[in-house]
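Quick heads-up: it's one chain on its own, the form predicted alone, in structure tokens.
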Amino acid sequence: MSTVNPATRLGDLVRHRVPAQPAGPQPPRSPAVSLRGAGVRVGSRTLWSGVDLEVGAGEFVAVLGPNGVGKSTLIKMLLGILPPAAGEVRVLGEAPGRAGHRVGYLPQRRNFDASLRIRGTDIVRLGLDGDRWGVPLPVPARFSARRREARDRIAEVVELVGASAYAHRPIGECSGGEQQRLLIAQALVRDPELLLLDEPLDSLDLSHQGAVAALIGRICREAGVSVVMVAHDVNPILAWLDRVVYIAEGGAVAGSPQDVITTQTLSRLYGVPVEVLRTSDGRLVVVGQPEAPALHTDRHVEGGGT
């Protein structure tokens, strides 16, 4: 069993992703995500409009708001599944859906059935070649190097997320936090520049929420991967965030956490009195109507939520 520290593997990923730059001024990198006056409509209903947002390389942005206002719909728009109803949307400099393997995606999930015998490493491999039809077949020797490369990449990313100890167990026997680490490895296996995560902390207990949030934040900071993450509770990820996007019925506001998560900003956004309190341990509590947007107790609407 390998004894390489996951932090060392993350350093390898950084060196792999960021080649040595020539001396002298460098042109600015295109933003990972750019929205200009963007809006989205589902059927005849406009969920939100007039949204401006820019996510730079290596930035961590959370998408927050009450259930049903269009948080997951924003992710679907960035993936190219749902076209914008207004404005301009670019993902890694291209139209949504065109960036291919440069985007990693982790959808909303339910726990795997305890009887499922697929190994964790097989779940990770689906992110590498799961778009290929059929099962692996015997291949000529000339293709064996490619198979070894795939095996090595899977082992590398499993170690990166700290899942080596249980990755060969059936996924149904893994805990919720262990399953989520393996699913994050699946999203990372193609070495994306942008991660789109739809409520990755949902259904995890507080200790696993903190561990998975720290993992995502570390990957973002040290490997330069941009992250856009839908969340119900801002507190587990607050220390890692560069910006937040709060979505309300029909509109949104984006900015740094200290500028957006305030009594004045949220009261103006929701059109009702909202009070933001900070507890002695630094957690944020949002009090007011409609449903407090920083910490939600409801889950998904039928069909996966919006």
Ligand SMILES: Nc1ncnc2c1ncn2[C@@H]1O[C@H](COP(=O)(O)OP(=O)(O)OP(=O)(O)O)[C@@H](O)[C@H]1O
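Treat the numbers as computed from the prediction; the structure is a model and nothing was measured. We call the rigid core whatever largest set of C-alpha positions still superposes within 1.5 Å between the two forms. When you see a residue number, it is the position in the sequence shown, counting from 1.
In what follows, reference is made to the form predicted in complex with the named molecule, a form of this protein that is not presented.
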property: Which of 210-218, 170-178, 68-76, 115-123 lines the interface with the named molecule in the predicted bound form (heavy atom within 4.5 Å); result: 68-76
property: Heavy atom of Q108 within 4.5 Å of the named molecule in the predicted bound form; result: yes
property: Heavy atom of V245 within 4.5 Å of the named molecule in the predicted bound form; result: no
property: Any non-hydrogen atom of R45 within 4.5 angstroms of the named molecule in the predicted bound form; result: yes
property: 4.5 Å heavy atom contact, D233 and the named molecule in the predicted bound form; result: no
property: Residues of 187-204 having any heavy atom within 4.5 Å of the named molecule in the predicted bound form, listed in sequence order; result: E199
property: Core-aligned C-alpha movement of F60 between this form and the one not shown reaching 2 Å; result: no
property: Core-superposed C-alpha of W48 shifting 2 Å or more between this form and the one not shown; result: no
